[in-house]
Every structure is written in C-alpha cells, then in structure tokens.
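Below sits a lone chain in structure tokens, taken as the form predicted alone.
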C-alpha cells in the first residue's frame, strides 16, 4: 500500500507526498502529461527531444547536473508514448535543491539555439544507433504502424523519421514547450522522510509563482476494432529469422487489463512458460520466444516475439506458434497454473515497491492517469481473477483477426 497526502497549488500543479520515515533519501518525481501521442504526425519525436533539451540548462542554471552532484543527488528521465518523467534522488536534507532545479527549468528553460543544435545531433545519433544500425532495431518502426492505423501510437517515441528532428525549428520547440510543460499539466510526487508542511512550503516557494497556461487539447483518434489480420515482411542483416506478433488489448488502467497481463505471463514470461516449453524445448523450432504487454494508457498491445533457429522455415515456425495459442484457448489453464502466475505477478509488484523511487513513480503514473488510488488497486484486481474470466479475455484477444504479424527475414 502506497500511502499519500495531496494538495494542489493555485496554478494547477498537483503535489503528492508519500512519507517514509525509514530512509535518509528523498525522491522528487515530476511527471508531465505529454508523450509522443501528443505530437503532430508530421513533427514527431518532439517529446523525446524535450527530454534531452530539459537537461540543456535553464536561464538561471546553465548546468543542471553540477549543483545536483554537489549535494549527493542523481537524476534521470524517460519519455513514453503517454508521459515524460523526470526524477531525482538525493539526501532528504538537500531536497530543496531538487525544487530549485526543476522549478527553474519549468519557468525559464534556456532556448539557446546552440543547445537545440547539440541535442538534435544527440537524438539523431541515438536514432541511428538504436533503431537503424542495430540488429532488429527498426522493428518498432515497422511493427507499430502495422498494428495501429489511426492512433498516434503508430509511431515510436523516437519519432517516425530522422528528418522530423533535423527540421525542428526553435519556433516548433517553443510551441511544444508552452503547450505542455506547464504546472497545470504536471504532477509532482515527493517521497521520503519529510512532512507535508515542509513539502507545502517548498512547493509554494519554488512553483507557486509559475503561471499556468493553456494546455493543448488532446483529441486523439480512437483506434477502431481490428477486423482483419494484417502482416508485413521485412529483411535485414540480422542473425536469425524472427517473428513479431501483436494483439490489441485494454489500456493500463482499464477493465480486464490484468487478465491480459497474466495471459502474456502464461504464454511467455519465463523459461517454463508455454511458448518456451513447446517451441524452444520440445520442438526446437525457436531459439528464444517471449510475450509481454506495452501497458499504454490507451488500448495497447500484447506482443509475442521470437527468433527461429537456423534453417527453420518461417511458415513452419508461425504454424507451430499458432498451434500453441489455439491449444491454450481451447484447453484453458489449471487452478495451479493460474495461482502460479498470480503469485509471480504480485511478488514482482511487491518487491518492486521496496524501492522508494518505484513507489514514487507508481504514484506519479496513477495520478497522471487521473486517480492516484490506481497505484493501490493492482494487487486486489490480480487476486480477483479466476480461470473463467481470464480465458474469456484470452479468447477475445488471441483471435487471428485481432492480430498483426511482422516476418523479419535474415539476409545472411
């Protein structure tokens, strides 16, 4: 259970405190309700670019990392299709340094043309290294537009293509910043041995005078129910032929999300999961295979991916995969198997929350999604799942017409 207290500043910034008196450290987690799904399809990659630009210095603090390191702090950030998250860990007695740093770049980010040029080059190089020059690196550049037809999840967080970042102008950058990086579009979570009165004082001192703004309205197209199977073929100099399969499923805090999550666990979470047992160990068709979910806020994907063994025909591998999935839907699962995956899921969740940073993030994600109590409902929802409900959801998801297959051939 993640306990919390909450207040809101007059400019709309929501502030949450998770008090933990057992630790000498504090976490400062600031989450902005902006991700790659908020981009113009002709100007993608901006949310991720801003993750980099925010470390380029603000008007009053040219070097972000230096003052933080002097007080024993560490920081990082990440961008997803739904959010941009900035977090700092530091000794609790130095917590005010985090308020100072984050408030200054929210209020007065340095729009230095040289910083923009440097970060554009950094992001472009990242695009090349991680997505274009790495084996299977371009998978998501091909798999997402195959899986989504209208929703902006159809492009990767890095962007659709390099030129969108190359051609970004200072006007583009400022428009994006002042439409999203606002106190009334953010949630701040403080975690550690600190009292609410002190958090209120620091929040009002450092964020209270930052004006709210007009957040760009979010009118995202709803992805229609997929009625026909889609597939695509590609090839590159990769070690082995590979199969990537996606199925549409519910979003992170939507009904039946956890059923779909457990289905992915049963199929491909571990070495003892069904896909690995049947296709790697028994039939020896795949070198490796696993299943997982994207866990996006809007309806997401259950993903199955695997590399075929050398010399195995693509058709044979896919037919064997389909056979395992068909058998699973027909035969169902035992109570023992269900309890096993439920226990694994709950254990992972509980062990994860040992870390103060993870608790702060989970609270931030939930508050950003509209209800901070989301962070405390997962265990109960998982425990309430029964065989019938899980298999009913599996049947809805694992339909051929709800799936997309990317056949990735090796040119070697």
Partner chain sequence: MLNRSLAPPFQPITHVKLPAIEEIKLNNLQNLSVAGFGTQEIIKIEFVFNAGTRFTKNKGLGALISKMLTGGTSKFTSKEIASKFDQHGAFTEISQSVEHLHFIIYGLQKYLANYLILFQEIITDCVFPEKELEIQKNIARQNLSLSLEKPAFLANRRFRTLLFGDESPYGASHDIEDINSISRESLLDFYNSYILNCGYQIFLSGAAGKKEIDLVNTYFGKNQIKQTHTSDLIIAERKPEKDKIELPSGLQSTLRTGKILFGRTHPDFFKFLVMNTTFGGYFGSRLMRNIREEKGFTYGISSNIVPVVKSGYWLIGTDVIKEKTEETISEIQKEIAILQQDLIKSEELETVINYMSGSFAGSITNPIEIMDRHKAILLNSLPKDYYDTYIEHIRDVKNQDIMEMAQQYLNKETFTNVIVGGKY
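Keep in mind the model is a prediction, meaning the values are calculated, not measured. Numbering follows the first chain given and starts at 1.
Omitted from view is the form predicted in complex with its partner chain, to which the following refers.
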Please state whether every one of the three residues 52, 209 and 281 places a non-hydrogen atom within 4.5 angstroms of its partner chain in the model of the complex. yes
Residue 336 near its partner chain in the model of the complex, any heavy atom under 4.5 Å? yes
Going by a heavy atom distance of 4.5 Å, is residue 103 a contact of its partner chain in the model of the complex? yes
Hey, in the model of the complex, does residue 292 get a heavy atom within 4.5 angstroms of its partner chain? no
I'd like to know whether residue 377 contacts its partner chain in the model of the complex, with contact meaning heavy atoms within 4.5 angstroms. no
Of these, 71, 146, 320, 314, which has a heavy atom no more than 4.5 Å from its partner chain in the model of the complex? 71
Check each of 255, 169, 235, 133 and return the one that places a heavy atom within 4.5 angstroms of its partner chain in the model of the complex. 133
Out of 190-198, 246-254, 293-301, 265-273, where are the residues with a heavy atom within 4.5 Å of its partner chain in the model of the complex? 265-273
Counting only non-hydrogen atoms and a 4.5 Å cut-off, give the residues of 82-103 close to its partner chain in the model of the complex. 91, 93, 94, 96, 97, 100, 103
